[in-house]
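Let's start with one chain on its own, the form predicted alone, as structure tokens.
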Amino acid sequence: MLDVVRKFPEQAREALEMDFEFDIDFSRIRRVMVAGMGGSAISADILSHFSKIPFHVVRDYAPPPFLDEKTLFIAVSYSGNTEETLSCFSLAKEKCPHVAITTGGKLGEMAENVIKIPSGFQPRAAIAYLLFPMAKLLSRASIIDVDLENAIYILESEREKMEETARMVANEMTGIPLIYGYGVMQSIARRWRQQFNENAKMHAFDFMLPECNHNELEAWEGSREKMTCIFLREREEGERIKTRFDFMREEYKKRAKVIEIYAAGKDSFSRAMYHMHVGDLASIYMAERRGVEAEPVNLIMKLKETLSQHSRSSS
């Protein structure tokens, strides 16, 4: 798993070079809706921060009722068999222009417009193939404006620093990790939490600024648990956000370990990719430290089998 995750820069380059062309009139699109779960949905979360039009991420069995012919519907499922995504897609495909990003499966059979991506990965380790083709599609449609080439340059040029930072996080972390982010880093904080959950088999929690300052902040008055706070920061933060982070650092370090990480990159998307890769690596190193295998997802597979048995018995 670690070898695969380490190749994220190369995978991102390969994913960006994938070519596709669809007969969709993007000038008529007024909103984007992406259906996905887990690692498939997080790609949409990240890109939503750069959208020029309303952008909705659906983690459910059905899309919201405002879906219409002016909505670009993107279904993302690595396997092509994610039941929630398939359910959403079946309800959306006749109502609006659509694109599927998948290795195949049922989704690949159902969709008219498909971006076929490489198979053989754990879905969460295929993030490059789930994110960069979607970003390329939305950039071509002038829905987002991100510098994909620069993001890959940062991933390639900062490789050693990202490895070093990830090892530091895994070595210094104690107790439950709490990950904090502002702007696009909110979504990266969620990715960190998901990766600690799946790879290191441990609880973790993510929080967004400034919202967490209106509720989670007060929990520290009575907190006694052993925890590590991880702040995903940018040097270009506005003064109000900088003040909030600085206040949190001084208060939280009285009761917990605080790790601050500043990302390299000249723009927010590049810095988001930097922070995401550090988190992915840190989760693998944490799995090693905890003596657990990162790749298997036994409980997730057990749940899927339970749902499958229930479907068979119901029919």
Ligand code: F6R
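Residue numbers here begin at 1 and follow the sequence given. No experiment lies behind these values; they were computed from the predicted model shown.
Keep in mind that the form predicted together with this ligand is not shown, yet the notes after this line are about it.
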property	result
Triple contact flag V5, K201 and G279 to this ligand in the predicted complex, non-hydrogen atom at 4.5 angstroms	no
Option touching this ligand, based on a heavy atom within 4.5 Å in the predicted complex, out of N213, S79, N197, T228	S79
Residue among N113, S87, Q122, S139 with a heavy atom within 4.5 Å of this ligand in the predicted complex	Q122
Heavy atom of S283 within 4.5 Å of this ligand in the predicted complex	no
In the predicted complex, K304 touching this ligand (heavy atom, 4.5 Å)	yes
A256 within 4.5 Å of this ligand in the predicted complex, heavy atoms	no
Proximity of I300 to this ligand in the predicted complex, heavy atoms at 4.5 Å	yes
Candidate stretches 88-96, 157-165, 236-244, 123-131 - the one whose heavy atoms come within 4.5 Å of this ligand in the predicted complex	123-131
This ligand in the predicted complex - contacting residues of 152-182, heavy atom within 4.5 Å	none
